[in-house]
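Okay, so here's just one chain, in structure tokens, the form predicted on its own.
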């Protein structure tokens, strides 16, 4: 059986960012926290923390943290039927894409988290690889573009984000004044979120182009838009995020007839408790992205 005092020490060390602060949070000495971590590692036969260069959980430690979060969520459900129990503050580790975080996510979950006193530990990943975190047990839920659930988890459609290939009018005229062609797509600098981002490749394949192209890498959703506004390249930007710039004429589509529709799916463990179910309902009811079809 797992000693939950040891897991509590691990979770608090990660949350507080150090042994001393974790001791203050739990009313224990720093040495007592260190001893609990050592005991946990001895029982597991492997480390749960990497101490340097930065304090973080090992893969085994992260799986334990994910387990603790699920247990906390189930304990919160128990307090509904046994009010004498004190309700713990739950922390939920979620993987999601940067564009959702930069646009609709906060408004969709803000009131819910306040009402439920739920704390979020958000891990930003590209849509296509967020599910990998789920498979590895690194997160309790994830928002990504894959409809295939992992074993033991559920998957529900949340909605669809529309992406447009946007650039400044001057940039569009300079590189695409005569329209899209193999030569223009081969030479026009693009903006790509990161090495795992496939949106640009999907757009180019949709246009019939499968070759190489020059590109900037910008792992920031807000920075991505700023680079486009600076005329540094064109990129696939969510329509909901770029709407003010489109309406003002600061950004235009290099292919007005072309958009990229990215479906979003919410993955969560089946035994996450009522909090997860209520969060799922809150996400499904959001009007901030195009709703998923009824019956999915």
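Positions refer to the first chain, counted from 1. Being a predicted model, the structure only gives us computed values, none of them experimental.
The same protein has a further form, the form predicted together with another copy of the chain, not shown here; the description that follows concerns it.
Asker: Can you confirm whether 102, 109 and 120, the three residues that make up this candidate site, all sit within 4.5 Å of another copy of the chain in the predicted bound form, judged by heavy atoms?
Answerer: Affirmative, all three are within 4.5 Å.
Asker: Another copy of the chain isn't shown here, but in the predicted bound form which of 207, 155, 113, 71 has a heavy atom within 4.5 Å of it?
Answerer: Of 207, 155, 113, 71, the residue with a heavy atom within 4.5 Å of another copy of the chain in the predicted bound form is 113.
Asker: For the interface check, one of 161-169, 176-184, 212-220, 147-155 should have non-hydrogen atoms within 4.5 Å of another copy of the chain in the predicted bound form; which one?
Answerer: Residues of 212-220 come within 4.5 Å of the partner.
Asker: I'd like to know whether residue 60 contacts another copy of the chain in the predicted bound form, with contact meaning heavy atoms within 4.5 angstroms.
Answerer: Because no heavy atom of residue 60 falls inside 4.5 Å of another copy of the chain in the predicted bound form, the answer is no.
Asker: Decide whether residue 55 counts as a contact residue for another copy of the chain in the predicted bound form under a heavy atom distance cut-off of 4.5 Å.
Answerer: Taking the distances in the predicted bound form, the answer for residue 55 is yes, it comes within 4.5 Å of another copy of the chain.
Asker: Consider residue 241 of the chain shown here, and say whether it contacts another copy of the chain in the predicted bound form, taking contact as heavy atoms within 4.5 Å.
Answerer: Close contact exists here: in the predicted bound form, residue 241 approaches another copy of the chain to within 4.5 Å, heavy atoms only.
Asker: I'd like to know if residue 232 sits close to another copy of the chain in the predicted bound form, meaning any non-hydrogen atom pair within 4.5 angstroms.
Answerer: Looking in the predicted bound form, residue contacts with another copy of the chain include residue 232, since a heavy atom lies within 4.5 Å.
Asker: In the predicted bound form, which residues of 246-263 put a heavy atom within 4.5 Å of another copy of the chain?
Answerer: Residue within 4.5 Å: 250, and no other.
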